[in-house]
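Take a look at this single chain, the form predicted alone, given in C-alpha cells.
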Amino acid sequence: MKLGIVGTGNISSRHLDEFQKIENVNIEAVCDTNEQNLNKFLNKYKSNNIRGYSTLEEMLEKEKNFDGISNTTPDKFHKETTLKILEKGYNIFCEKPLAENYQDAREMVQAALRSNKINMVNFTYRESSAYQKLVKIVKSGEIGVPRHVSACYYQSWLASNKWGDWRNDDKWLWRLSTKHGSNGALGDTGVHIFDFTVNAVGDIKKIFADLKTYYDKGDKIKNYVLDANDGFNSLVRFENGAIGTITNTRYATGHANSLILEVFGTKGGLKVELDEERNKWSTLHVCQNENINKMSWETVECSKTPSNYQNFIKSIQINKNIQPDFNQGAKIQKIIDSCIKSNDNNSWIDIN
C-alpha cells in the first residue's frame, strides 16, 4: 500500500514511523511549501528514497498511485489541503483538529461524503487499550447510567523545561498566538479531551466554558502576539443526563502530558490516567459489585489495541470507516466553537 504525506513539520515524522511499522505499507512521497522543512525531512529519511515536492498540486499531479494521503499540515491549512486531496479521490488521514471552526469542518465532512473515500482524524489518545475498554464497559451499561464525569488534560510546558524553553522555540510560540492560527489550549489539546470524553460518555447537550489567558508571561515574543488561551474550565450537561467538568491547562506542575477520565455510574466507576511515557495506557481502574461498599478499586491490565494508523490502513482494506471519522472531528469542533461562544457571552450554550 502506497501513501503520501502533506506537510513535513514535527508530526510528519511520527506519521512516517507509524505507517512504516505496518507490513506492506510504504511512504512514497511528501510535499511542503516550506523548503527548509522539506529538505530536512528528505535528508533525515534519505535511505527511504522518498520523493519530495514543493506543492501539494505538484505531488497530486505527478503521483498517480496513492492508496491514501496523510495530512500533517498546520491547523489553518487542513481545510484547503484536505478538499484538494478528496477532490482527487484519495483516502485521507488528517491531523487534529479537523478544522479551525465548525463551518469549515462541515464542508470537509460533506466533501468526504461526496468522494465516498475513507476519512479519519488522528485523535491519538483513542489508541489506549485501557480507554477502549472503558468505552466498551460504559456503553454496555455494566456500570449503570452515567451520572458524573471528570475529565482533565494536564500539560506544564509553560511552567517547566520538560520540552525545552517555550520562549525560544517557534513550535511552541505559534500555539500561543491566534494570529498564527491557534485556538490556544482549547483548540490544541482541548479537542483531545473533548473527544476522549464524548466518545466514552455520549454527546454533550449544554456547556459553560471559562477560557483563561495569562498575560503576565508577556504580550509578544518576536512576531508572536501571546493572546491565545492557556487553559479552560468547562461545566457540561450530557444528553444522557450526566453532568461533569472538562478542563485543560498548560500550567499543571508535575504533569508533562496527562489525560485523566473518570466516569461514575449508578452501578460503578471507571478511571483511566494516561501519562507522557505511555506506561499507563493499558491500565484501567474499576470499582463495581462488592467493591462499591468497600471503596476498593481493581486494577485491570488491558491487551494492546490497534493504533489509529493501523485502523486507517484497515479501513482502506475493508472499505469501511473505522472511528474517529471526519463527522466526529466536526462534532468536536462544534464543541470548541461553543466553548468560545460561551466564554464570550458568559452563558450556557446549547450545542445542538
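The numbering used is simple: start at 1 and walk along the sequence shown. Keep in mind the model is a prediction, meaning the values are calculated, not measured.
Another form, the form predicted in complex with a small molecule, is not on view; read the next lines as being about it.
- Although the partner is absent from the chain shown here, Thr72, Thr81 and Asn122 each have a heavy atom within 4.5 Å of the small molecule in the predicted bound form.
- The small molecule in the predicted bound form comes within 4.5 Å of no heavy atom belonging to Leu3.
- Remark: Tyr214 does not count among the residues lining the small molecule in the predicted bound form, judged by a heavy atom distance of 4.5 Å or less.
- Under a 4.5 angstroms non-hydrogen atom cutoff, the small molecule in the predicted bound form lacks Ile313 among its neighbouring residues.
- Not displayed here, the small molecule is approached by Lys171 to within 4.5 Å at the level of heavy atoms in the predicted bound form.
- This chain appears without its partner; in the predicted bound form, the one residue of Ser307, Asn37, Gln323, Asn289 with a heavy atom within 4.5 Å of the small molecule is Asn37.
- With the partner omitted here, the stretch from 200-208, 266-274, 123-131, 214-222 that lies within 4.5 Å of the small molecule by heavy atoms in the predicted bound form is 123-131.
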